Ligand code: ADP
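Here we start with a single chain on its own, the form predicted alone, put down as structure tokens.
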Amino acid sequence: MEHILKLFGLEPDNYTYKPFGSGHINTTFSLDSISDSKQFVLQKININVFKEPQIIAKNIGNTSDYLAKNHPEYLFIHQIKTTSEEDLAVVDGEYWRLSPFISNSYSINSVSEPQMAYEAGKAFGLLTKNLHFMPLDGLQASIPGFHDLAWRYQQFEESLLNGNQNRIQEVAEEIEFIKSQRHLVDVYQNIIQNHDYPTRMIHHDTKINNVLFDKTTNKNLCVCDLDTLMPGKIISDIGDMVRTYTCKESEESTDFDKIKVRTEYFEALMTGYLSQMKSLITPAEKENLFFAGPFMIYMQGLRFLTDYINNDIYYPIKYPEHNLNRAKNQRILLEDLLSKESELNTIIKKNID
């Protein structure tokens, strides 16, 4: 740790450090100065998930430079360079990065009131709005295929051929549901192939704990956890909010009777997001705003079921049926969302027209 701090120009004796946050991928520490009020966040990037940390650093660095030049008032968590002007410190094959700690901020792990959904939607909408004209040349995906629904469906089909045959028989009902919604993959592919549906620099992981709120006002301050900041389609950001904000129960819940879409939370996040993006959304994007929710919920359920059939090789589990129950959870959420399509499209229309 002393060596790492020195690489960033910090005097080790002047700082205390401790584990920070609730993330499960990267290893994160908070650094607190003994002599003054300086605070930092130090992270070791998980190279098992992010195979090329340099891509993350370039995506964040280019975004930071663009925002500093074009939207200097916007609060963006930038990377602090090493003494040799590098974005990352590399020590024994491990990649470390340093960023400022955002003072007077807090985060939450679940959405308990519509106002929080509104603020989060507004925060992610503002990020995408400010990056509307950002050049994307040379920028890559930090996780290739992250939200590629066609590829995820292909993985599912492969699991039916090569996976656990006993489990395949056991989950016949869930498999049939996934197949019955195959048309969602077609809609996704049409979006990807549509030249009128722009590729934008977006966050890709819009869960509520990736928004920092102001302790004084409870308004959004900025977005955080920028590992998946990369070019993509806005259905990823909107869909992840719909999937994780609108239901009181998390994807871990087996209280299936309580898995329902809260209309007021859907309206809040859409109102917040579109308050920033309304004037920039293209007709093709407008046409598929509702689809964002089914897209993301279906894909996550698909991934859980595929992993269950493949004997749980990707997602950590706490009991044998864990991934199966996660898949059932997402199937029920998707069914409820689709049953409310007319009502939710009315909400979208009110905010976009």
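By rigid core we mean the largest C-alpha set that fits within 1.5 Å across both forms. Note that residue numbering begins at 1 and tracks the sequence as displayed. Being a predicted model, the structure only gives us computed values, none of them experimental.
What follows is about the form predicted together with adenosine-5'-diphosphate (ADP), which we do not show.
**Student:** Let me test this: is every residue among 128, 220 and 277 within 4.5 Å of adenosine-5'-diphosphate (ADP) in the predicted bound form, going by heavy atom positions?
**Tutor:** None of them does, since no heavy atom lies within 4.5 Å of the partner.
**Student:** Closest heavy atom of residue 212 to adenosine-5'-diphosphate (ADP) in the predicted bound form, within 4.5 Å or not?
**Tutor:** The answer is yes: residue 212 has a heavy atom within 4.5 Å of adenosine-5'-diphosphate (ADP).
**Student:** Does adenosine-5'-diphosphate (ADP) come within 4.5 Å of any heavy atom of residue 107 in the predicted bound form?
**Tutor:** Residue 107: contacts adenosine-5'-diphosphate (ADP) in the predicted bound form.
**Student:** Can you tell me if residue 101 lies within 4.5 angstroms of adenosine-5'-diphosphate (ADP) in the predicted bound form, counting non-hydrogen atoms only?
**Tutor:** Contact with adenosine-5'-diphosphate (ADP), yes.
**Student:** Taking the shortest heavy atom distance, is residue 225 within 4.5 Å of adenosine-5'-diphosphate (ADP) in the predicted bound form?
**Tutor:** Yes, contact at 4.5 Å.
**Student:** Given that the partner is absent here, state which listed stretch (317-325, 282-290, 35-43, 59-67) has heavy atoms within 4.5 Å of adenosine-5'-diphosphate (ADP) in the predicted bound form.
**Tutor:** Stretch 35-43 is the one.
**Student:** Just to confirm, with a 4.5 Å cut-off on non-hydrogen atoms, which of 185, 139, 77, 80 contacts adenosine-5'-diphosphate (ADP) in the predicted bound form?
**Tutor:** Flagged contact: 77.
**Student:** How about residue 306 - superposed on the rigid core, does its CA move between this form and the one not shown by 2 Å or more?
**Tutor:** Result for residue 306: no, shift under 2 Å.
**Student:** When the rigid core is used for the superposition, does residue 296 move between this form and the one not shown (threshold: C-alpha shift of 2 Å or more)?
**Tutor:** Comparing forms between this form and the one not shown, the residue 296 CA shifts below 2 Å.
**Student:** Is residue 80 one of the residues whose Cα moves 2 Å or more between this form and the one not shown, with the core superposed?
**Tutor:** Yes, because once the rigid core is superposed, the C-alpha of residue 80 moves 2 Å or more between this form and the one not shown.
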